[in-house]
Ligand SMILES: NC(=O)c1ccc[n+]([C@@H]2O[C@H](COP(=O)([O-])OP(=O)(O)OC[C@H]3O[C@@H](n4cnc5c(N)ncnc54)[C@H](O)[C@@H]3O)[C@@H](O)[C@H]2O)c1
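Let's start with one chain on its own, the form predicted on its own, as structure tokens.
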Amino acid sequence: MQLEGKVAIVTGAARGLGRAYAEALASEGAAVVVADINDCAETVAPIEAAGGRVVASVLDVSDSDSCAAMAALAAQTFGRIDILINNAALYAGLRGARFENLDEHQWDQVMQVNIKGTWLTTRAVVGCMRESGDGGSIINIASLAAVFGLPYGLDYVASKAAVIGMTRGMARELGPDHIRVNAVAPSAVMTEGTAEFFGEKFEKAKAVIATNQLIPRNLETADLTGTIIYLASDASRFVTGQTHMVDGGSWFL
């Protein structure tokens, strides 16, 4: 197993991609902290059933005290923190519009969760990673939207572009501690959240997205977990500051 003895935290783990990441990490031997503002029972159950080590944490990534409590739970339960997947984000329920018509309150919420949340969660765990002396791996979930420039969703686009910039800045700061920081930028993944985001246009969006990729099919959660495991494991121990596009060949960086 590639992650035997490692401890991983996955934010936004109650469903969708977060759940898939947590299950994949556990299957490779990691002890997993599944953290979300929503109940993670449906994520915990299959991991425990498979014999994995897992604990759930109620987490509001936009609140520094909540992030600190989550990191403390991880360290107290499993003794260390090696991996952080910054997956929590506002996406599914966002109301798209031309940029001048976007709701200001929604804009502020997106920035609070998607940008500040990534900063606060990372800030909460780096001390434990440093103390171990073994470094660590932080994986920020960005999006194809940030480099493509998705129209009618400027709040989400701006937040994910910021995640890519933060990844680069964090990588430079944390490199001396042997803590790697990378981003993963998927295209639209076939999850409940994506269906909610596109609403009644979902089927049309699926067809358009697949047609514009070099690999002409839609992205499934299983297509992403291999990249996550690679970046979490020692196989990527000399890779940092990178944005890994998992998008079927939609965009080249």
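None of these values were measured; they are calculated from a predicted model. Counting begins at 1, following the sequence as shown.
Below, we refer to the form predicted in complex with the named molecule, which is not included among the displayed structures.
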Is Leu17 a contact residue for the named molecule in the model of the complex, using a 4.5 Å heavy atom cut-off? yes
Does the named molecule get within 4.5 angstroms of any non-hydrogen atom of Asp60 in the model of the complex? yes
Check whether Leu90 has any heavy atom within 4.5 Å of a heavy atom of the named molecule in the model of the complex, and answer yes or no. yes
Should Arg180 be classed as touching the named molecule in the model of the complex when contacts are defined as heavy atoms within 4.5 Å? no
For the chain seen here without its partner, which of 68-76, 167-175, 97-105, 137-145 has a heavy atom within 4.5 Å of the named molecule in the model of the complex? 137-145
Just give me the single entry in Val126, Ala158, Val113, Leu150 that has a non-hydrogen atom within 4.5 angstroms of the named molecule in the model of the complex. Val113
Just to make sure I understand: among 224-253, which residues lie within 4.5 Å of the named molecule in the model of the complex, judging by heavy atoms? none
